[in-house]
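Take a look at this one chain, the form predicted alone, written out in structure tokens.
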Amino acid sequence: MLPRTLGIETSCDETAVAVLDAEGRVEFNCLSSQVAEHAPFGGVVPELASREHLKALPMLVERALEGAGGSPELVAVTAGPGLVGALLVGVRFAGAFAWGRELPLVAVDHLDGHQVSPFLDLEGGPARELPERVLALVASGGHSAWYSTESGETRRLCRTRDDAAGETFDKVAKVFGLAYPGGPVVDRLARRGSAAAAFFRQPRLKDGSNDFSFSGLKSAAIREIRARGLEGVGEHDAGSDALDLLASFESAVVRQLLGPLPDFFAKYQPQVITASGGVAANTLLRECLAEEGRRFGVEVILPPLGLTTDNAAMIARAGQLAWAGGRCADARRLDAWTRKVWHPPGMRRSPTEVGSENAGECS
């Protein structure tokens, strides 16, 4: 039996707390959004995010303890990658909580959390067991990569060389004069436009890899917006020209994200294909993935919309699985690891290389 787990997520601008039972059922799941605080700046302000985490986290944990089906037996916290100040709030709180209650503590890679999110249920059901072979897309404001998992071993297959897909949506939306975060607004408006009205070329990397590059697409979209006199037009004044341009831009992002899929499917023969992260809420991406699944004859599993953004339920589940594999952290010494040090799946060093003070085995 897995332990009832308290999950804590503070890697960026969402303060999230969740409790999962022994079968991965979500007993409590709550998130404090900082969108209103960061909206005037058009993006996340790290210091502001850290201060908001300090305000919200104790309150959310108190609510979790009251709303869960029992006391937590394990604490799981995002230790990286992310904004170092934001991560430190969660890591320090989780360490103190676990130490004070004599509970085991697990440090979770944020990307591991995203990859288990499609297997969670927000309708009261247990978590689904992970298949032996999974092909997974993680696309969000900070990450865009494909991963292959086989027999519990995960490796990164490709990544973005510059901007992430979600960041690209947000920056183009800002030039249009759309509200922050821009991804959901672009998705909504693009449904009313025609992607055939314009066409954005896909990048070609000189090394022939499957890596992504969204900076050129972002620049091309911004140039087109300005050339058509659509800068700052806003959602309510967006006419057919703006809607068509947004649909074309969205189509280009989705085409690039799914471009490597045929090659990866042929090489790794996954039992399921998943997508996670904030961009996994995009309507066109979900439709295209479902279509690809039918074409390949493989199941596509997408997370509930409520678990596409950063959340603590996925961190709690990843923590449970890590604990089952014997991983544990020292609550007195656990530190936050930014992207530069905390290696994503496929690039991660062993716990002993990272530092024995931060990882170990659970007894």
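Because the structure is a prediction, the values reported are computed rather than measured. Numbering starts at 1 and follows the sequence shown.
Quick note: we don't show the form predicted in complex with a small molecule, though the next part is all about it.
Q: Tell me which of 144-152, 211-219, 83-91, 159-167 has residues with heavy atoms within 4.5 angstroms of the small molecule in the predicted complex?
A: Partner-contacting stretch among the options: 159-167.
Q: Taking the small molecule as it sits in the predicted complex, is residue 187 near enough to touch it, meaning that at least one heavy atom pair lies within 4.5 angstroms?
A: Flag for residue 187 set to yes.
Q: So in the predicted complex, does any heavy atom of residue 274 sit within 4.5 Å of the small molecule?
A: No, residue 274 is distant from the partner.
Q: Is residue 308 close enough to touch the small molecule in the predicted complex, meaning at least one heavy atom pair within 4.5 Å?
A: Residue 308: yes, in contact with the small molecule in the predicted complex.
Q: Taking the small molecule as it sits in the predicted complex, is residue 279 near enough to touch it, meaning that at least one heavy atom pair lies within 4.5 angstroms?
A: Yes, residue 279 is a contact residue.
Q: Name the residue from 95, 181, 72, 270 that puts a heavy atom within 4.5 Å of the small molecule in the predicted complex.
A: Looking at 95, 181, 72, 270 one by one, just 181 meets the 4.5 Å heavy-atom criterion.
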